[in-house]
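Before any questions on binding or motion, here is one chain by itself as structure tokens, the form predicted on its own.
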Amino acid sequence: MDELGVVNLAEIALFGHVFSYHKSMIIMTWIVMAILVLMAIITRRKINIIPSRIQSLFELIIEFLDEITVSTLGKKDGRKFLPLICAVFMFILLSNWISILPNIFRFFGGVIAASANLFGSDLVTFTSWVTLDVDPSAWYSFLIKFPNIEEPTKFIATDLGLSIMILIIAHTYGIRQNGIGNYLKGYMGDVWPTTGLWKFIFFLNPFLYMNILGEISNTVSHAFRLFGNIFGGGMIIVIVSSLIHSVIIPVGLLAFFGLFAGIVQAFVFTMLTVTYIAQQKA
């Protein structure tokens, strides 16, 4: 609880300027990417005609995303963007879920400690009718005291970086689909003429600035929607976990709701990504 609100920033000096960065965000982002690469390598090596459980799970996710992407963008473009959509979904999902590990460890640690107490262990005592006190010498004490892990998606820099990446990809796609001329005309609105001398006073067109502002708003809302839900959920889990430290059932429920919220937010961000790309097709 004492660590809430404390932001641990590291500093680096480059070209005469001092830049601050969040070390935990960078480390956890690389850990998530390393896990995804490792999972891909292991799954790729064990692909069989008769799929294993892990292969079946990945096939289910890919088929689900393929159906949504193809139905929205068409078969040709949908299959082209499918690897990107799958990568975005898996990265956000694992980033959201990785913070659940401490609660899972604490849950099993609480189960082991409660079982040890029932069998007469002197290393475990109930300080109240629901709270456990475990002696540090017990081998399972590290499970209950497992440190918190921060989700990469809990930091706005990660979410905004993902949203800006989607913005660039979507508008690059729009330019390639419609041509640079038609793409720029789309910002003028149907009311404003785009021929003759009107071309040279485009900066007077109010629709131009409204459309640019709309694109910026989409990108910002795309990032802050994910950031707000994950950051808020993470704070609730940290606060409740601190208040009910070593309580078995509530900690298990926190892990369950973290799993549910994590997959919902990954799905929402991914579906919005497909929608933003589709908007540039017309």
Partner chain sequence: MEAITGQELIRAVALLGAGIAMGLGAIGPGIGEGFVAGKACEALGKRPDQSQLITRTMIIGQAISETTGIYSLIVALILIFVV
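Since this is a predicted model, take the numbers as computed values, not measurements. Positions refer to the first chain, counted from 1.
Below, we turn to the form predicted together with its partner chain, even though it does not appear here.
- For the three marked residues, Ser71, Leu213 and Thr275, a heavy atom of each sits within 4.5 Å of its partner chain in the predicted complex.
- For its partner chain in the predicted complex, the listed stretch (94-102, 71-79, 146-154, 173-181) containing residues with heavy atoms inside 4.5 Å is 71-79.
- The shortest heavy atom separation between Asn48 and its partner chain in the predicted complex exceeds 4.5 Å.
- A residue is said to contact a partner when one of its heavy atoms sits within 4.5 Å of a partner heavy atom; Ser56 fails this definition for its partner chain in the predicted complex, lying far away.
- With a 4.5 Å cutoff on heavy atoms, Ser217 counts as touching its partner chain in the predicted complex.
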